[in-house]
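Shown next as structure tokens: one chain only, the form predicted alone.
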Amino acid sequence: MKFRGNVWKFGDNIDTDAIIPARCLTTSDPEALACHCMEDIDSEFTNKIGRGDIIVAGENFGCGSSREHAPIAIKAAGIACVVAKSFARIFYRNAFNMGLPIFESADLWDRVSEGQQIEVDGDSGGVVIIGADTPPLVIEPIPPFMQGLLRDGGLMRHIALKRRT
């Protein structure tokens, strides 16, 4: 699980309404949700990001309602992973259930700039490579069971694959 992309920074307490506005919840189609990802914070967000880019956020990312639409919208928009100081617990679980890789790091937000390219290496126990002149930053590794959920594409696919074996 390695990701390389440009950083898009968001602050503390980004709630699920900011990630995907409630007015857009008339569908659960990932592509339709992706079009509205983060639009109330940055109306041009989905036009500016590139497939494989990385969200770096502050504390309590994904707070608010328990809607699964938020991680679906982020993933469908092309964001490879999210690294935040901390996540709301329900968002944390929903992200893994939907197959969106997320990592916790108390230090990354302060060490990167928006637009900067970084590499998140979840395979090596959790390392972020910020640049050639900067030592790698150790981040919280993803527990093995959660890695399995991500590898299988989320909880429902994981269960379906287990039933086949």
Partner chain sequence: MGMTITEKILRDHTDLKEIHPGMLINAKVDVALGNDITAPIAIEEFRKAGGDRVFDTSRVILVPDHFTPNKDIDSAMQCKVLRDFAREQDLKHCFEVGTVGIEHALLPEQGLVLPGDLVIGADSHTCTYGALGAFATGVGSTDLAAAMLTGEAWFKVPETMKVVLHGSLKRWVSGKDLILYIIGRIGVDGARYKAMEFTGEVVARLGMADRLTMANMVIEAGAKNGIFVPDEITKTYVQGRATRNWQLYDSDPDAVYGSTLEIDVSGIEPQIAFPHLPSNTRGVSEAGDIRIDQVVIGSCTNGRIEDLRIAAGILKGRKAAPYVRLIVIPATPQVYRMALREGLIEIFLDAGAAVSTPTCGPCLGGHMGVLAKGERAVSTTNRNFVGRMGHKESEVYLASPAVAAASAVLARIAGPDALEAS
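Numbering follows the first chain given and starts at 1. These figures come from a predicted structure and were not determined experimentally.
Just so it is clear, the following notes concern the form predicted in complex with the partner chain, a form of the same protein that is not shown.
Only one segment in the set 130 to 138, 45 to 53, 61 to 69, 114 to 122 has any non-hydrogen atom within 4.5 angstroms of the partner chain in the predicted bound form, and it is 61 to 69. The closest non-hydrogen atom of residue 107 lies beyond 4.5 Å of the partner chain in the predicted bound form.
The partner chain is not drawn, but in the predicted bound form it has no heavy atom within 4.5 Å of residue 150. With a 4.5 Å cutoff on heavy atoms, residue 98 counts as touching the partner chain in the predicted bound form. Remark: residue 1 does not count among the residues lining the partner chain in the predicted bound form, judged by a heavy atom distance of 4.5 Å or less.
With contact defined as any non-hydrogen atom lying within 4.5 angstroms of the partner chain in the predicted bound form, the contacting residues in 9 to 36 are 13, 15, 17, 22, 23, 25, 26, 27, 28, given in sequence order.
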